[in-house]
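What follows is a single chain, given as structure tokens, in the form predicted on its own.
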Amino acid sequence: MAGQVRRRAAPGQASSHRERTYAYLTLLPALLIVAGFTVYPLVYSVYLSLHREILTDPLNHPFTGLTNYAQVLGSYYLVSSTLSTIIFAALAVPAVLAFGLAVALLLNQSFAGSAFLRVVILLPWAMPAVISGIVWRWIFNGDYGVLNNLLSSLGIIHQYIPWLSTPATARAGLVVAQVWREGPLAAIFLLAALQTIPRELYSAAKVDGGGGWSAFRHVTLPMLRPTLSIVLIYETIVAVVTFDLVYVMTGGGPGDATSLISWYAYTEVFKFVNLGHGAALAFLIAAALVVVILIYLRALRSEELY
């Protein structure tokens, strides 16, 4: 009897096996494509970081272990670019959050044209970063820039200012361009979160005698905390790896004022053609970002809200 049961079950088992095999074969092309564009470059980058890989000496690439990491960590340019990146991120990320929150609060109100503005606000973010950099380079140009022309017309300045030729103003210009480009995305995220807040909470706050600021502090901000955490993490990553704006607007200058760590990685690979240093630096940047994200997640736990 047991043998008959096993014989009867065998066709079903064979069919199930064929279905699983067919499913795996169907997924195989997609898995190969993903592996080709993600796994292989990652593995090859690890290989490069552990070998001497300089394009001007293509026949000499011995295994060097962690030498590339040690040389990058001991470089003056790493210290300088890290400092520039910290300054840029410390200025740009809070500015993006503040801009996004202000715009989200504005667009959350009902007024004529609000629906149109919710679409238009995304245009700076949708614009390629290189185009954004060119636009702001023209605006801040020291000879014929729009900003100088406007300030001169208003009588605020009497001679044109070379905005991108001094460290402080070059950093400020880069931050402005970053806020203009990234702020709209933060605004849309926060606007979506604002629209999920129950109106009853504001009614209850009003009944308790809370004004507009009290409702914002005790209702809006706590309910926005999870979204703010996501935007904060995302914008920090974007700020650290910003390259397009630097390349187009300042070229890392003046001096090394805007030589962010992404610019340092670019120069190692494409100017000094040292692929080993570039790969090691990329992994160090990734490790630093992971640490920063973990600190954010530790400090901005949203579970307490609920």
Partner chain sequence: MTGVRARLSRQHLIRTLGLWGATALVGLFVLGPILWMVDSSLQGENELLSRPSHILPVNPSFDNYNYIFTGEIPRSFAVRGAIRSRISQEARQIPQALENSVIVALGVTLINLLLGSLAAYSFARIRFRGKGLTFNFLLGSRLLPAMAIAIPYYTIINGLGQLDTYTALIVVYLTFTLPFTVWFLREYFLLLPKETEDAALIDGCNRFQTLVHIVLPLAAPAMVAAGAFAFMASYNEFLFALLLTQTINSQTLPVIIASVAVNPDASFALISVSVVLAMVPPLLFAIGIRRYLTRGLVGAIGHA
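Under this definition, the rigid core comprises the largest set of C-alpha atoms superposing within 1.5 Å between the forms. If you're wondering where the values come from, they're calculated on a predicted model, not measured in any experiment. Positions refer to the first chain, counted from 1.
Form predicted together with its partner chain: not shown, discussed below.
Asks: For this chain shown on its own, do Ala205, Trp213 and Leu297 all sit within 4.5 Å of its partner chain in the predicted complex, going by heavy atoms?
Replies: No: no residue has a heavy atom within 4.5 Å of the partner.
Asks: Among the candidate residues Leu201, Val146, Ala172, Leu83, which is the single one with a non-hydrogen atom no more than 4.5 Å from its partner chain in the predicted complex?
Replies: Exactly one listed residue reaches within 4.5 Å, namely Val146.
Asks: In the predicted complex, which of the listed residues (Leu101, Leu91, Leu232, Ile139) lies with a heavy atom within 4.5 Å of its partner chain?
Replies: The option sitting close enough to the partner is Ile139.
Asks: Thinking of its partner chain in the predicted complex, which stretch from 83-91, 164-172, 70-78, 112-120 has heavy atoms inside 4.5 Å of it?
Replies: After filtering at 4.5 Å, what remains is 112-120.
Asks: Check Thr227 for me: does it contact its partner chain in the predicted complex (non-hydrogen atoms, 4.5 angstroms)?
Replies: Contact check for Thr227: yes, within 4.5 Å of its partner chain in the predicted complex.
Asks: At the 4.5 Å heavy atom threshold, is Ser262 in contact with its partner chain in the predicted complex?
Replies: Judged by the heavy-atom cut-off of 4.5 Å, Ser262 is in contact with its partner chain in the predicted complex.
Asks: Answer yes if any heavy atom of Asp244 is within 4.5 Å of a heavy atom of its partner chain in the predicted complex; otherwise answer no.
Replies: Flag for Asp244 set to yes.
Asks: Indicate whether Val292 is a 4.5 Å heavy atom neighbour of its partner chain in the predicted complex.
Replies: Judged by the heavy-atom cut-off of 4.5 Å, Val292 is well away from its partner chain in the predicted complex.
Asks: Using a 4.5 Å heavy atom cutoff, which residues in 39-72 contact its partner chain in the predicted complex? It's fine if the answer is none.
Replies: The stretch touches the partner through Val39, Tyr40, Pro41, Leu42, Tyr44, Ser45, Leu48.
Asks: Using a rigid core alignment, state whether the CA of Val34 is displaced by 2 Å or more between the shown form and the other one.
Replies: Yes, because once the rigid core is superposed, the C-alpha of Val34 moves 2 Å or more between the shown form and the other one.
Asks: Superposing on the rigid core, I want to see if Ala23 changes position between the shown form and the other one - specifically a Cα shift of 2 Å or more.
Replies: For Ala23, whose C-alpha is compared between the shown form and the other one after core superposition, the shift is 2 Å or more.
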